[in-house]
Ligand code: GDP
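Let's start with one chain on its own, the form predicted alone, as structure tokens.
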Amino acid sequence: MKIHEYQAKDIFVKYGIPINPGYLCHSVDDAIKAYEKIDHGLVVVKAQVLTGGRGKAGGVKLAKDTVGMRNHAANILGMDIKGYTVDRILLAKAEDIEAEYYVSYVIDRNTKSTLLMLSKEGGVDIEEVANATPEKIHKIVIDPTIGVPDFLARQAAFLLFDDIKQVRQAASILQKLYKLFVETDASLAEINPLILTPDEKVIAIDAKMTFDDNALYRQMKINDLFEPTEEERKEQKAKTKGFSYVQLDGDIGCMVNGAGLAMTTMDMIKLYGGNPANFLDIGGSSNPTKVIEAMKLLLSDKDVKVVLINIFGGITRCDDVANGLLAAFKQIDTNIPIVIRLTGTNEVEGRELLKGSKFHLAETMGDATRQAVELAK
């Protein structure tokens, strides 16, 4: 789950992390009122959308007077940034910047720990720094039983600053950011940039946070900030129906029982030159209602040209699955080709039941995948 910059900054403030405060505006009139409150010549107008790359898209502008601010606010509101329409902006005092730095905590799946990442190359896409000059990014694995004690915070801060006054400020921010990261069940807490001002203050002028969806049940205040995209709504709906769904950008819809088999199916589709439209694990049930709901979900994606149903019958018998599919498709009217591969317990009986139907049958995964890719083309 993602939240907006202004929402992340609100959380930062609660944990004592210094930021440059701003005003949330939904209209040009709101921006004019906020500009009067700031009482500072130079301000920054920032689009608030749940994606990165705002600056490159023209969603972050500096204004030195009311006229400039009004024009920027009018241009940014309603702007499309990577498919997101800007319906709110953040207006804040523009800070004088001596230097910019990058700081974040992320979950490292390899070490199964939190990873602290720091760089003196702040203010730009960290991905670009990682690709071009990876040696400029420092990574520190955090032992969850210890956290970020004073010595480690100072050690990390010295990677960015030389002056002890600045090191102390940065060390405090690193400790508070880690506390925030853990207590909010975040999967990312990022400051880019963390800046040094001419009067030697270290402050966060941007904030980015994402959260573990599986922990939202115990983070109700954060859950209230959730603004799901259309894809996320689909994933939520799928979860309520008892299966796992992730939308991708291909044209072959996949319905599979078992997460491992679903991932293998997607790999096979890519191997044969196709593109999966989704990850969909319906579990072990042959319940026709579940199949109907899964098909409705697949067919709601307008890019889907073919559906590949790949079922391994273990405890669930393939003839039960076949009967479930036949019952389900009596209620589903679609012209989209459907390829079915059944293997496992009672697979012969299952395929026999499906003979003479409109389905394209396959015995092996390779054959099923090949048919799906050819039909999609």
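The first residue of the shown sequence is 1; numbering continues from there. Given the structure is predicted, the values throughout are model-derived calculations rather than measurements.
Only in words, not in the display: the form predicted together with the ligand, which the text now covers.
- Checking 328, 38, 63, 60 for any heavy atom within 4.5 Å of the ligand in the model of the complex turns up a single hit: 60.
- In summary, among the residues 288, 258, 250, 123, the only one with a non-hydrogen atom within 4.5 Å of the ligand in the model of the complex is 123.
- The ligand in the model of the complex is not approached by residue 50, whose heavy atoms all lie more than 4.5 angstroms from it.
- In the model of the complex, none of the heavy atoms of residue 159 sits within 4.5 Å of a heavy atom of the ligand.
- Contact annotation for residue 205: at least one heavy atom lies within 4.5 Å of the ligand in the model of the complex.
- Shown alone here, residue 46 lies within 4.5 Å of the ligand in the model of the complex, counting heavy atoms only.
- With the ligand left out of view, the stretch that reaches within 4.5 Å of it through heavy atoms in the model of the complex is, among 92 to 100, 232 to 240, 300 to 308, 132 to 140, 92 to 100.
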